[in-house]
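Given as structure tokens, the chain that follows is alone and in the form predicted on its own.
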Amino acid sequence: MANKKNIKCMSGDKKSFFETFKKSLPLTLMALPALIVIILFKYLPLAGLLLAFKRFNVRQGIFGSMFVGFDNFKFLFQTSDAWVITRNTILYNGLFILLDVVLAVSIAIGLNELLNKRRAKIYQTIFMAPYFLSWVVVSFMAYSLFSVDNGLFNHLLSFLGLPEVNWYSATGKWPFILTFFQIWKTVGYSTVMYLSSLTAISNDYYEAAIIDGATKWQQIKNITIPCLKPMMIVLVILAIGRIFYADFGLFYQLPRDSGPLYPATQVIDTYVYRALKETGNVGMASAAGLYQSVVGFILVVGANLVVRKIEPDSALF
């Protein structure tokens, strides 16, 4: 009797499974193209990680090339520029994360508080538009401003009787230039994500606060920002995971690969690209990519552990 009951339970489970699969079949088919793309471009290329430990030879292929252990990783750590590229990568990304959170949250709250929603949509579009420009286009825009002969800034300096500046050799000015263009281009995208979180906040909180006599700043401080905190934490954790990655277009296209600016603009990604272009060593580039991925994974897990201890409800996992 017990066996018959078990058989009935199992057949019932199978029936429910097939029924569930049949109901979800349209959604599964809709997701199928994305799954195929992920498998083709995310999982199959993982075999290329072997290149990080081999001296790649085109004729021998990935699996037939000579195994060299960790020799490919040495060029990142033994070079005299190792400290410079690591420092630049971490400090720039840390500054970008901080400014992006502060400015995006501030802009999102400001747009949300506008009573004229049509005007808010126009402002949102203006902030979002630079995100869709490629760094090549932005680099030409920057060149029109900083060109030594025909740049707008040098024309203004000349008009005011001040000495002209060779912007593409002025190392000290480029940390500010890079930061400005990075924030100008990306802050709109983050603003949209925070705005989507703001729409989920119930108006009942604000109505209760108004009845209690709370000012607009008190409402933002005690209602809006706490409700945005989970989204802020998630985005910061994900950004920390890519702190060893640099936006190649920003650091290569914008300075126009100017040699005198390397101390201020050289990061891990541009260094690896230039080394690959000069030496053609694919193994070195693969080793750098693997190093960045492993460090990024460790940072995401570490940041999530810290958040889970401080505020468990806001942790990713």
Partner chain sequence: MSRFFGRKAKDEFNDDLKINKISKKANGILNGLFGIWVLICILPLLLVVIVSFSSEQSIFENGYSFFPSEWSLDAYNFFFRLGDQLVRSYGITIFVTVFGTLFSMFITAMFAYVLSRSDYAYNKIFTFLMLFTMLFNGGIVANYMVNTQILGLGDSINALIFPMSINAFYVIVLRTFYKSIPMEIIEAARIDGCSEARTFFQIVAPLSKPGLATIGMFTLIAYWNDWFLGMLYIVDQKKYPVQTLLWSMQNSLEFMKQSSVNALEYSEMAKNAPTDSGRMALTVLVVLPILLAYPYFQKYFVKGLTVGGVKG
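In this text, rigid core is short for the largest set of C-alphas that superpose within 1.5 Å between two forms. Since we're looking at a predicted model, the values are computed, not measured. Numbering follows the first chain given and starts at 1.
In what follows, reference is made to the form predicted in complex with the partner chain, a form of this protein that is not presented.
- Of the candidate stretches 88-96, 68-76, 170-178, 105-113, only 105-113 has residues with heavy atoms within 4.5 Å of the partner chain in the predicted bound form.
- Annotated contacts: Ser24, Leu27 and Ser196 all touch the partner chain in the predicted bound form [non-hydrogen atom within 4.5 angstroms].
- Residue-level contacts in the predicted bound form: of Ser202, Gln218, Ser144, Asn166, one residue has a heavy atom within 4.5 Å of the partner chain, and it is Ser144.
- Although the partner is absent from this view, Trp83 stays clear of the partner chain in the predicted bound form, with no non-hydrogen atom inside 4.5 angstroms.
- When the partner chain is considered in the predicted bound form, Val187 lines it closely, a heavy atom lying within 4.5 Å.
- When contacts are judged by a 4.5 Å heavy atom cut-off, Leu152 counts as touching the partner chain in the predicted bound form.
- Though the partner is left out of this view, Phe244 does not reach within 4.5 Å of the partner chain in the predicted bound form, counting heavy atoms only.
- Looking at 269-295, the residues that come within 4.5 Å of the partner chain in the predicted bound form, counting any heavy atom, are Asp269, Val272, Tyr273, Leu276, Lys277, Val282, Ala285, Ser286, Ser293, Val294.
- Leu276 shows a C-alpha shift below 2 Å between this form and the one not shown [criterion: core-superposed Cα displacement of 2 Å].
- Once the rigid core is used as the reference frame, the Cα position of Pro33 differs between this form and the one not shown by 2 Å or more.
- Relative to the superposed core, Gln292 undergoes a Cα shift of 2 Å or more between this form and the one not shown.
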